[in-house]
Structures are given as structure tokens and as C-alpha cells.
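Form predicted on its own, single chain, as C-alpha cells, below.
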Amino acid sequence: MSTLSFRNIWVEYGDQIVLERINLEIASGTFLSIVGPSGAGKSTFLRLILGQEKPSQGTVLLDGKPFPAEPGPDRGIVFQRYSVFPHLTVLGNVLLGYEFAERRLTARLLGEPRRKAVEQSLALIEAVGLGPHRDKYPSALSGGMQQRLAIAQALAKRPRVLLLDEPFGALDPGTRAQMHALIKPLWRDLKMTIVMVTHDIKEAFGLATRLIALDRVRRDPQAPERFGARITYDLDLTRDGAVPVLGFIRAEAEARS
């Protein structure tokens, strides 16, 4: 489990300001949804946590310590597109995470270490509902199954923080509902912190324990990139009387008008 801290974060690319004055504490075990219009810096926010992006100002901390210079195994990520290896089976895709963790140069395990890694991989494959498909290649899997595999891949290194970047956006409604039923029990059982970007407001409210919205509250028609996005809503969804979905959508629409 882990606590994330954003302290006076600004992200700028030359004259373009993407995020400004982001101050946020994300407690261990939170399931945080991030919503907002396109271009509001949601993916940039995830890249800050992953370590791919560095703030222009401010500090991002994990359990009170700055992130290392490179992304590490303490943070896993699942993208909208299925980031799996097409030349490996379901088992091979998940096993590779354990092999890289133990043998970074060769990515090969032998003997007892390999047997244990296979056992752990099979347990994860069962947990995401792919047990009967362990020997199949990704090309033989549906989109939902490939996304299940991507989640198993991300969990193989037991990350403290799992990042989800529109992970279910390309799935049909029925498959998306199945993925919702999968991810929440995994989050509870593994006691991770999850940060999920989504454009689906219903999904954001349905899965998360907390929701933030990013948007540009100041606009200059003559210089549209002069102001960055800020946190415009921060909702604790575990409290009674949390803002309902339709009320949130209506409030956002009124704020834009």
C-alpha cells in the first residue's frame, strides 16, 4: 500500500501550461477516478505517477519520498490498447514479469525459481478468469480477454500503485461490465492504490472511492495555452450523500456555460 502526494505541481511545455497548482494527497488503498475533457492533462497526471514525466515545478512523492528517475515495479499500468506480447502465450506473458524481476538481463528462470514463478503466474491467470486459456496466444483471445491478460501482466510484479489509462474504453458494454466485476475484487484483495483515467462518468462513480475532475478554470481566447488545468471537483464517494452522477454532469455543464 502507498500514499501519493502532489505538492504544488505545474507541468509546462514551453509556453503551454498543461497542469497548474495541483495539490493532492491520495491515501493508501484509494481507488481514484480522474475525469475531465480531452486535453485537461489526465494522461499527463498518470505519467507523473509512472515516472515518465517530471513536473516543471513541485514534487510528487510516494510514501514521503521522491520517485526514482525511472519507472519501477512498484507502479503498474494498463493502457486502453492491449499491451501484451503477441508471440507469447497467456502463461508466457505473465511469467515474463517474474522472469524480468529475477533475471533482468536474461529474463530466464530455471529449476525451483521457475516452478514458483509458474505457480504464481497461474494463480494470477486464474484470478483474472483466463485459466482455461493459459496456452493460447493473444490473437486467439477476445478484446476483453486481452485486457484481462494486460491486467494480469501489470499485477505480476505486485505493484503498490496500479494505473489504468482508459482501460475499458475500447470494449463493448457487456465486456466492460465484466471487467468492472473483475477489477474491484482484485483491488480489494490486493490492497493496492488504483488511479484510473476515464471519460465514462458512470464508470468513474461506479468503481472509485474518490473522484477528481481536471479542467481549465481560467481561459484566455487570445492565448488558449496560457492557463493549465486544475482540480475542479474532489469527491469522497464513500460518504453518504455523495454527489450523484447526473448531478455531477449537470454541475459540470453549468460550469462550462
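Residue positions are given as counts along the sequence shown, with the first one as 1. Not measured: the values here are computed from a predicted model.
Keep in mind that the form predicted together with a small molecule is not shown, yet the notes after this line are about it.
Here is the short version: of H199, K191, K202, R226, the single residue with a heavy atom within 4.5 Å of the small molecule in the predicted complex is H199.
A heavy atom within 4.5 Å of the small molecule in the predicted complex is found for exactly one of S43, S56, T232, T209: S43.
At the 4.5 Å threshold, heavy atoms of P37 reach the small molecule in the predicted complex.
The closest non-hydrogen atom of Q16 lies within 4.5 Å of the small molecule in the predicted complex. Although the partner is absent from this view, D74 stays clear of the small molecule in the predicted complex, with no non-hydrogen atom inside 4.5 angstroms. Taking the partner from the other structure, the small molecule in the predicted complex has a heavy atom within 4.5 Å of a heavy atom of E166.
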